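Shown next as structure tokens: one chain only, the form predicted on its own.
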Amino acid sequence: MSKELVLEFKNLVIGYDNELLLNNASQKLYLGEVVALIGRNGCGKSTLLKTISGEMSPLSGSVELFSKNITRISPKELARMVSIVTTVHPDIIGMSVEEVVALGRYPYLNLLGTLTSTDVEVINKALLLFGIDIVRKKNYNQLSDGQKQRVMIARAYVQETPLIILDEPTTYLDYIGREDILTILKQLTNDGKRAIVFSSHDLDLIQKNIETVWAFTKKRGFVVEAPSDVLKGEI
């Protein structure tokens, strides 16, 4: 059975007035795939993630979600299609872990903003999956950076979008925690209902867990290949 296309960018050019980061790149992403985005600091990883999520506009070229140009997708519809986790932890005051994770259900809330039994079920599943059920009632701001990272990924998970984008999701985690998160990300795509793109500097873990990388290389530009084919000296 053929996989469904979730994301495609065509002839994409990204960058800033004084710096071109990606030139005329085209690529497709299908449901069921997990792709790691790698490259040196400042090469354009975060800019690419912001562009394919609709947060930034490209200098030229297009981004499509399910064959629809992202510029023609309403904010509410986009929130049901793409969830994002950045490296910056928001300063959330007076909310428990459970309440922060529940924020991911906002695209589905009714006019009264109340959670249904389905919402609660999804939230409880996320708390267990990401190992934060034990701190569900704890104030979010009292967590360690590693725990906050798990909370943010859980919030993206409960948003139930077909595309999840994560910028350095294993930052702040120890080795076991990083490997655990990568294992979970792979599990999330096993049913063929999600695709995940995440940026990372952890080449050793990526080679062990991920089949495909989008890589910003020094000499070959933007390439798509197996992690083992990208030499560390290229990044």
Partner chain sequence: MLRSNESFKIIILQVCSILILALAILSVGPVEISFNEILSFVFGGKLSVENEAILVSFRLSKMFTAIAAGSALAISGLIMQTYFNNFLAGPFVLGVHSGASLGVVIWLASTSFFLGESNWLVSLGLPLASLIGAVLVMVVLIFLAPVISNKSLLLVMGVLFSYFTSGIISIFISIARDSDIRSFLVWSLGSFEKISGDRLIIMSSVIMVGSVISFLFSSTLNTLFLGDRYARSVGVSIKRVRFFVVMLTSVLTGTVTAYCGPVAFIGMISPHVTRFVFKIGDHRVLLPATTLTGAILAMFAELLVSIDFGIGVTIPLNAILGIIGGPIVFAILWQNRKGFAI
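Everything numeric here is computed off the predicted structure, so don't read it as measured data. Residue numbers count along the first chain shown, from 1.
What comes next is about the form predicted together with its partner chain, which does not appear here.
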Option touching its partner chain, based on a heavy atom within 4.5 Å in the model of the complex, out of 73, 85, 135, 163: 85
Contact of residue 107 with its partner chain in the model of the complex (heavy atom, 4.5 Å): yes
Residue 193, heavy atom within 4.5 angstroms of its partner chain in the model of the complex: no
Residue 159, heavy atom within 4.5 angstroms of its partner chain in the model of the complex: yes
Proximity of residue 118 to its partner chain in the model of the complex, heavy atoms at 4.5 Å: no
Residues in 151 to 172 with any heavy atom within 4.5 Å of its partner chain in the model of the complex: 152, 155, 159
